[in-house]
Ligand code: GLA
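Presented below, as structure tokens, is a lone chain in the form predicted alone.
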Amino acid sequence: MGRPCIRAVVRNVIESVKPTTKEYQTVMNETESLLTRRFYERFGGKPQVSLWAPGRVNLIGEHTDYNDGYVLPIAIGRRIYAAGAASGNDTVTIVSGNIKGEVVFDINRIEPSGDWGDYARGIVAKTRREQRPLAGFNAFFLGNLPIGAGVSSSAAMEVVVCYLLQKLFGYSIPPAGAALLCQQAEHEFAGTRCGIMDQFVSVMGLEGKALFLDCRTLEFKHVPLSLGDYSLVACDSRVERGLATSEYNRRRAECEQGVRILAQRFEGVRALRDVSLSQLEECSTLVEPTIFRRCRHVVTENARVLEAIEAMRTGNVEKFGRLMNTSHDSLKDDYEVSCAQLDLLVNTARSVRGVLGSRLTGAGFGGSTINLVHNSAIDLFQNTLTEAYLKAFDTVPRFFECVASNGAEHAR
């Protein structure tokens, strides 16, 4: 039998990326009901608490957070839900409806194991080290947040466990402190030297707003997300990333190498956040070409974030789209964290009438693109990308609208 017509496949696999409010609320209610039922089936009782933490999409400001720079993410309506209850002993048992296998460990003996449970282990270990109230517990997780899609399922897991412990054992951590605890846990237990952005927006996101965050001072403000007749649509390449592998940490080391050289030339340079483009260009002969390109991306990306804030303030969605495009080009050429799949999705999106901007979102090496699409062009956008991607890679990408939503601080 021959291969089915691509257009027929496209029609059959694409889901609507703009569910109605009623449909969205129905999904949430069904998820929470299923979560309670699955907890009861596994642990034989009702959960004491249930809550959620969202993933995120970064609109612009990529690989700037660990360089003390600026970012502009949103928390999205895709979440990890958790139900939990104290176990009555020192044993933690966690189960996921999305990942096979249970994780069991003793709170008195916690070591990284290289599996998905390390995100929970890290939070429990950090909590114990800070001498907060803690005992064993049982937890069941469900999520509609794609794993490995560049929308920070890892940070959502860390944040939901952090808030689960607070509710179970009766203590409270200030929001910024909770984000920092989660970041440190990922450093120590997952091996990824991530910045603070993902955890911070998962805690502090606000419905209808983007989060402008200064990653050095942790000062932030919520910026109204005024896109007019345009929507933010993510396209998941289904290429999973390995953030804990060498490339992510290598980029951070390359930036640090550049800072050491620049600090010898210019007073007060602690991070690339402190460097202007003219200063960097003045030192172009002092640093290796690769290091120069890495630094140039971060310096120009910080400037793009500030420009994007102004574009959003004035309602200039066309300029915002252009900044998204320039950001991706910099990530591809200077920072070299794109891949063939992401580039095809971005280039194809830019060819669609009604798409103002397209870029990779997250650390790169796979994951998703984020696209600024006119509402009237969403169907054409999905069909065009799916047809091109299926033809090139024999894989169907996954689409979902990204609506700025509340962070875990607002969980019930």
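The structure presented is a predicted model; accordingly, all values stated were derived computationally and were not measured. Residue numbers here begin at 1 and follow the sequence given.
The form predicted in complex with the ligand is left out here; the points below concern that form.
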query = Within 4.5 Å of the ligand in the predicted bound form, heavy atoms considered, which of 248, 105, 292, 116?
reply = 248
query = So which of 61, 367, 54, 357 reaches within 4.5 angstroms of the ligand in the predicted bound form, heavy atom to heavy atom?
reply = 61
task = Can you check 33-41, 65-73, 348-356, 377-385 and let me know which stretch has heavy atoms within 4.5 Å of the ligand in the predicted bound form?
result = 65-73
query = Would residue 77 count as touching the ligand in the predicted bound form under a 4.5 Å heavy atom rule?
reply = no
inquiry  = Considering non-hydrogen atoms and a 4.5 Å limit, does the ligand approach residue 95 in the predicted bound form?
reply    = no
inquiry  = Check residue 110 for me: does it contact the ligand in the predicted bound form (non-hydrogen atoms, 4.5 angstroms)?
reply    = no
request  = Examine residue 197 and determine whether its closest non-hydrogen atom to the ligand in the predicted bound form is within 4.5 angstroms.
outcome  = yes
request  = Check each residue of 344-365 against the ligand in the predicted bound form and list those with a heavy atom within 4.5 Å, in sequence order.
outcome  = 362, 363
